[in-house]
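Take a look at this single chain in structure tokens; it is the form predicted alone.
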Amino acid sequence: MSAVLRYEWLRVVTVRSTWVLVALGIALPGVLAFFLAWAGAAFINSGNDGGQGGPPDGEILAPLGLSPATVLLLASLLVTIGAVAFGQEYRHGLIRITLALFPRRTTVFFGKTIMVILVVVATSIVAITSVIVGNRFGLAVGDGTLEVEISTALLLIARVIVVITVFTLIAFAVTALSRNQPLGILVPIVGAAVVEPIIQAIALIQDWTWIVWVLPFTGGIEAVETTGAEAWGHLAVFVAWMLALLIPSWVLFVRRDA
């Protein structure tokens, strides 16, 4: 396994797009968090707060700046890291070289999985720090405040890291299943940004209150927006969908031709 991990690490660090995506994943969510906090604080200070008929503060200023918008932006930037793990090798026929060096396919599969997780988790930690800094700076500029308990903040950060990692592993699994890198990138992004919002709109009309407990990416977003057992329940749904894709992709990778 150590040899496979070294091989995967070399692949990751020598691909230019990895560094571009990591840089964007760290910078852009922080910038977005700054502007959301600034605009939210200005909105509240203008007198349009919950007491004046406007939305309550919690709907304007997400704790630590970790709103669905910033989390989805970060996840959408990092899905390519998951997709490239298999997509690049299938696209250029390099998978044959990889399997010639490491004939044990299960070791290759989980070596790639572990490396994707390590890169995404490390990037997520730095990006979340960027978001928190951007959020605090935006609040300071907008003359706003939003206090969060340390225990609540740590649990939220943990859930966000898991959500982003699962999001990326779905791209990883779809690419391994389809051998198609663009499809692996598009499925989670389009699913989260287009398909599920349409389904939710239909569910709202039909009064399908249970739908939020079925949809994968909605579960990931709910894990960020809610707290307590409900948040972890939604996260479990998201993880279950990821495993439903990851396990078949592993089985097919082991059994079918390169």
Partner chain sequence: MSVDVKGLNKSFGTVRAVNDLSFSVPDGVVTGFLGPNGAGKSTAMRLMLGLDHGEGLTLFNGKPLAEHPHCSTVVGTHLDARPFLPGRTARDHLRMLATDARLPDSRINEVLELVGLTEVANKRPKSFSLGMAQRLGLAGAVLADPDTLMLDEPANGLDPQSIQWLRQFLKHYAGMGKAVLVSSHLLTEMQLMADQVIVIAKGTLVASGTVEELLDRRSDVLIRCSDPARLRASLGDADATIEGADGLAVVGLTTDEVGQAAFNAGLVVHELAVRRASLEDMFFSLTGDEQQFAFKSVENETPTAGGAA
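From a predicted model like this one, the values you see are computed outputs, not experimental measurements. Numbering follows the first chain given and starts at 1.
The next section is about a form of this same protein that is not shown, the form predicted in complex with its partner chain.
This chain is displayed without its partner chain, yet in the predicted bound form the stretch 102 to 110 from 160 to 168, 102 to 110, 184 to 192, 124 to 132 comes within 4.5 Å of it by heavy atoms. Although the partner is absent here, residue 97 is a contact residue: one of its heavy atoms lies within 4.5 angstroms of its partner chain in the predicted bound form. Residue contact with its partner chain in the predicted bound form: residue 76 places no heavy atom within 4.5 Å of it.
Although the partner is absent here, residue 10 is a contact residue: one of its heavy atoms lies within 4.5 angstroms of its partner chain in the predicted bound form. When its partner chain is considered in the predicted bound form, residue 1 lies well away from it, no heavy atom lying within 4.5 Å. In the predicted bound form, its partner chain lies within 4.5 angstroms of at least one heavy atom of each of the following residues of 4 to 26: 6, 7, 10, 11, 14, 15, 16, in sequence order.
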